[in-house]
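Heads up, the chain below is alone and in the form predicted on its own; it's given as structure tokens.
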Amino acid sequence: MQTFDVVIVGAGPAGMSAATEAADLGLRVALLDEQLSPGGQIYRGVNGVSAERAKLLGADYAYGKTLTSRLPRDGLAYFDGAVVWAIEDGFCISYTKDAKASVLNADRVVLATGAMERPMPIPGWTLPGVMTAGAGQILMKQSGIVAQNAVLVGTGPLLYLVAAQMIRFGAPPVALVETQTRSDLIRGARYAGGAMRGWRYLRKGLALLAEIKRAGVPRHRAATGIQVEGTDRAEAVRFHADGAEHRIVCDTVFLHHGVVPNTQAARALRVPHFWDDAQACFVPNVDSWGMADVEGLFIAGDGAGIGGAKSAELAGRITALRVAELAGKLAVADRDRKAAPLQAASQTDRAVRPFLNAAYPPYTGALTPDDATIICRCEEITAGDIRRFAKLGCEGPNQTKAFGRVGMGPCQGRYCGLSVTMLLAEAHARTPDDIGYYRIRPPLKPVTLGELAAMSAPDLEGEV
């Protein structure tokens, strides 16, 4: 079994930058990622995208090639298509690649598992034709496919980016149905100072809004009572806005009301988490270097709290410096000298985040949905079921498994976990921290008996 100085899980901006920085500092590094090419979700498929498609997707997406091009180097073994399904005591990492399970060891581990879109459970969200805005964007990035006759629903800058990209692809959305209110924007104004420090992001946002306006795409703001109508598939979006009821006929609905840290692997390793009111989600407890309260474990990028692609890239490099120092490859003074400009850049890049959190909060109607709305898609458990479990004495998410198999399906609670916590917190008049989250155990992702039977040593000839 091979042992590496550090194993990094996830090849998004944080994972790639951590891997290259660590290798340059003399560490023996393994980088594992589920996708068949590096980039993560933000730069998905960037190595194979045509110049024409890259132009349509924008310069921020094309920048991903700058990171992926740095990966081939001595001391860095990259495993594509590697699904990590267990990280056990002593940092024994089990993963599946090419239908075979393999194991490797690490002195230290960096989780760079990034973010996932916050589920938006509203009536009709499980109908065919309804997906996340990020999923729609993946279709454009990876295959050049753009949905026709689509409505974008929710809140946040990603909606504007996806709408603008659809316009450039020649299939503008029918409408944007936005949930943020004037009051939200006023609350965001309290963080105007930080927003001004992040003026580049504001400029990009204003440019996207101008592009949407030029294309004639209507925007409905402060929408409430949102539901997707349809029998066998999505047929229309109904909502209330501007003092009137609206119904927009469509074929596809893209939902989005923010992203949250992907905490499954961190929770499996018993990393303490706390509820972040600003981002309305759980985040792991890490220090300024990304070090968790589990010896030898680090979390870099959006998995440690949402900051965006550039902040994730900087965080990966900062974490790598600390790992190298602990491995004896870098003196403390050199670590601090190298880290100082990265930390300053990170603070500047994150300055706009409080404004965005306040101005574009999650949609309240999806945080605590109506009783009939499905929460656990895998087991078809509704919000009303969760509230009924609470009345019967269910105190926390783990108990919901016994009451109704909530969180026991293929997603293992990834998509229902936050909703279950918030519904129980509401029902018991307690905080999300008091209620807690699911206890996560391996396997983190499904693994077959056949893959286990074919377990082999890792192939160190991984290619980028």
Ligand SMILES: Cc1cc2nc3c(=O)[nH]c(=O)nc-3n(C[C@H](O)[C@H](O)[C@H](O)COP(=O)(O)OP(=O)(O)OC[C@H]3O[C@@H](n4cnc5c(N)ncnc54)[C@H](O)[C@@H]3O)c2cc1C
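Just so it is clear, the model here is predicted, and its values are computed rather than measured. In case it trips you up, residue 1 is the first one in the sequence shown, and so on.
There is another form of the same protein, the form predicted in complex with this ligand; it is not shown, and what comes next is about it.
**Student:** Using a 4.5 Å heavy atom cut-off, state whether A82 contacts this ligand in the predicted complex.
**Tutor:** Yes.
**Student:** May I ask you to check whether E117 falls inside a 4.5 Å heavy atom distance of this ligand in the predicted complex?
**Tutor:** Heavy-atom contact with this ligand at 4.5 Å: present for E117.
**Student:** Within a 4.5 Å heavy atom cut-off, is T179 in contact with this ligand in the predicted complex?
**Tutor:** Close contact is absent here: in the predicted complex, T179 is far from this ligand, nothing within 4.5 Å, heavy atoms only.
**Student:** Is A14 part of the interface with this ligand in the predicted complex - any heavy atom within 4.5 Å?
**Tutor:** Result yes; A14 sits at the interface with this ligand in the predicted complex.
**Student:** Within 4.5 Å, heavy atoms only, one stretch in 245-253, 389-397, 155-163, 325-333 touches this ligand in the predicted complex. Which?
**Tutor:** Checking each option against the 4.5 Å cut-off leaves 155-163.
**Student:** Using a 4.5 Å heavy atom cut-off, are E34, Q137 and A309 all in contact with this ligand in the predicted complex?
**Tutor:** Every residue of the candidate spot has a heavy atom within 4.5 Å of this ligand in the predicted complex.
**Student:** Just to make sure I understand: among 250-264, which residues lie within 4.5 Å of this ligand in the predicted complex, judging by heavy atoms?
**Tutor:** Sequence-ordered list: V259, N262.
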